[in-house]
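Just one chain follows, in the form predicted on its own, and it is written as structure tokens.
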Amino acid sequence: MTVSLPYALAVWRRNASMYARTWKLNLLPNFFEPVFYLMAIGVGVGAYIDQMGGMSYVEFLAPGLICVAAMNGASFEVTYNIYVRMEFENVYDAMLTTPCQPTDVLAGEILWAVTRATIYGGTFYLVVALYGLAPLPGSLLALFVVPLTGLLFAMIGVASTLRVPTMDFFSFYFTLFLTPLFLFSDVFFPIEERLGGAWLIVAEALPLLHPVRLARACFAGDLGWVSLWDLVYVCGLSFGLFVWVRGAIGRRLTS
């Protein structure tokens, strides 16, 4: 099944027009969560920590929280919002009465989720820059990591949404999946200094670790082979999930 870009963009425009009506209510809660973490933990707890990973604690936190903001923006869009459109509002049923195909719906939703992630992550980058925590010009490369983070978690979220029987299961997704990622993916402490052996191997499988590490390397101007591996991981997992979801969404929307 191929994707029609005009139809995918039509799905994107539909979501963008709906978001434009309520963007303040949608943006503020998820945007301010990492801001509060930056202030409370970075500035507050950071006052009692001399260094973390060779830098001040608030400087260590900033790149990771940018990726967290992008993760949140994409995840809420492709879980609750897609489920409501699919099961309660019957939006996709209406779309499929047009020449739009399930793969076009998928591509449009993923494109919109990446857009939301970019809004959240990009805006948070500006906050970090205003704090003086974004060294230029190297940190600008982290802006390319933001949509990649959105793409990765959009694909993970869509794959999960297509499998849940009821919307109540999303509480497990956020509490038992996203929250552990948030806590143990190099955001708050360098895992290579606190974990060892098999735990580091397990950590390498965590999807949030790779964009966080990539963003931090951009901030530090220290891109190397590890950054290449992080990029390959993000792009490879996103593509693999897209291949699987492309078939699954066709079965779900036409059943």
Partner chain sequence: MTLRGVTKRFGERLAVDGVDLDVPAGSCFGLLGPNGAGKTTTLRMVYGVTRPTGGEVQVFGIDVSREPRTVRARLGVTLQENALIEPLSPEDNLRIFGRYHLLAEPELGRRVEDLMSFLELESHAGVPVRNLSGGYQRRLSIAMSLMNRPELLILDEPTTGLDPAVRQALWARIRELQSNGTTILLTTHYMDEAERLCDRVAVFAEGRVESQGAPRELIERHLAAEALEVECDAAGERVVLDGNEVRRMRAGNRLIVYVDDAAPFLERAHRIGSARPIVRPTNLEDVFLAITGTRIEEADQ
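Residue numbers count along the first chain shown, from 1. Keep in mind that this is a model prediction, so the values were computed, not measured.
Quick note: we don't show the form predicted together with its partner chain, though the next part is all about it.
Only one of 124-132, 91-99, 76-84, 151-159 lies within 4.5 Å of its partner chain in the predicted bound form by heavy atoms, and it is 91-99.
Contact between residue 253 and its partner chain in the predicted bound form is found at the 4.5 Å heavy atom cutoff. Though the partner is left out of this view, residue 13 does reach within 4.5 Å of its partner chain in the predicted bound form, counting heavy atoms only. Taking non-hydrogen atoms only, residue 231 never approaches its partner chain to within 4.5 angstroms in the predicted bound form. At a distance threshold of 4.5 angstroms between non-hydrogen atoms, residue 18 is in contact with its partner chain in the predicted bound form.
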